[in-house]
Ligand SMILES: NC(=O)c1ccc[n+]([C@@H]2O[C@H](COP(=O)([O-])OP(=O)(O)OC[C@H]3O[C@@H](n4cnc5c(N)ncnc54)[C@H](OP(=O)(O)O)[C@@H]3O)[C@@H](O)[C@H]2O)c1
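Only one chain is given next, in structure tokens, and it is the form predicted on its own.
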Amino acid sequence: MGKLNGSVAVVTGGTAGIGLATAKRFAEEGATVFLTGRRQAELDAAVKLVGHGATGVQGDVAKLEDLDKLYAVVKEKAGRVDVLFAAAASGGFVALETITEEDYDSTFGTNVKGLIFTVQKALPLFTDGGSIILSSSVVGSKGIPSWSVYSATKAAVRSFARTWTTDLKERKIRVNAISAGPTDTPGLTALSRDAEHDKQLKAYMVGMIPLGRLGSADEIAKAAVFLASSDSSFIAGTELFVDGGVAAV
């Protein structure tokens, strides 16, 4: 029997990287999975990879009407939510001198506004005693050059894990954040200008990591399964670093 057998799980940003790896892990552990993505073709491919009867709902978490559509589908097909992994995020390297209003609006729109309403709109369907997992990042605690806007959004995410734990304590809903370190995903590769820059960027990141390598999306997904399951039943409001030691040393 899987650790999430019989659970209903929602994963936003589930078409690639950490979100997709987590959706797969949740399904393999017995959950009925609903996943979201902005592009239909990528979403369809992700649903096939996840398997186990997963359902894809196209949408952008920064658009409240898309979140309403997501939870309408969940309500119709499953009637409740037991686990939510809010993994949808955006951002990139932007030097302080070149930050634009568009950079700010886009990154905060997805990573902060989108996350707030992803959680808020799930609550009417949420099972008391369920688990909400927020996707933060080690950069929320580190001063990485040219990463200030994205880092600020992830610091906000970590704060939400604390405050929402107290907001939801009467319902015994556990809220925790996973702060991933540098992880080998398509999103990381997309930050690079070309193959040589990609090689240099990843070498730089590996140099920061005591374990001497990038993480894998599946390693983050395993941590998400832990926080989603009863294995973490006395853990709430915490930030779990899955980062090869970056934040600790």
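No experiment lies behind these values; they were computed from the predicted model shown. Numbering starts at 1 and follows the sequence shown.
There is another form of this protein, the form predicted together with the ligand, and it is not shown here; the text below is about that form.
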**Message:** So if I measure heavy atom distances to the ligand in the predicted complex, which of the stretches 148 to 156, 93 to 101, 72 to 80, 169 to 177 falls within 4.5 Å?
**Reply:** 148 to 156
**Asked** Within 4.5 Å of the ligand in the predicted complex, do we find a heavy atom from each of S7, V50 and T55?
**Response** no
**Request:** May I ask you to choose, among L188, A45, V206, L64, the residue with a heavy atom within 4.5 Å of the ligand in the predicted complex?
**Result:** L188
**Prompt:** Is there a heavy atom of I18 no more than 4.5 Å from a heavy atom of the ligand in the predicted complex?
**Reply:** yes
**Asked** Heavy atoms within 4.5 Å of the ligand in the predicted complex: does R213 have any?
**Response** no
**Asked** Would A89 count as a contact of the ligand in the predicted complex, using a 4.5 angstroms cut-off between non-hydrogen atoms?
**Response** yes
**Asked** How about S136: is it within 4.5 Å of the ligand in the predicted complex, going by heavy atoms?
**Response** yes
**Asked** Mind listing which residues of 109 to 126 have a heavy atom within 4.5 Å of the ligand in the predicted complex?
**Response** T110
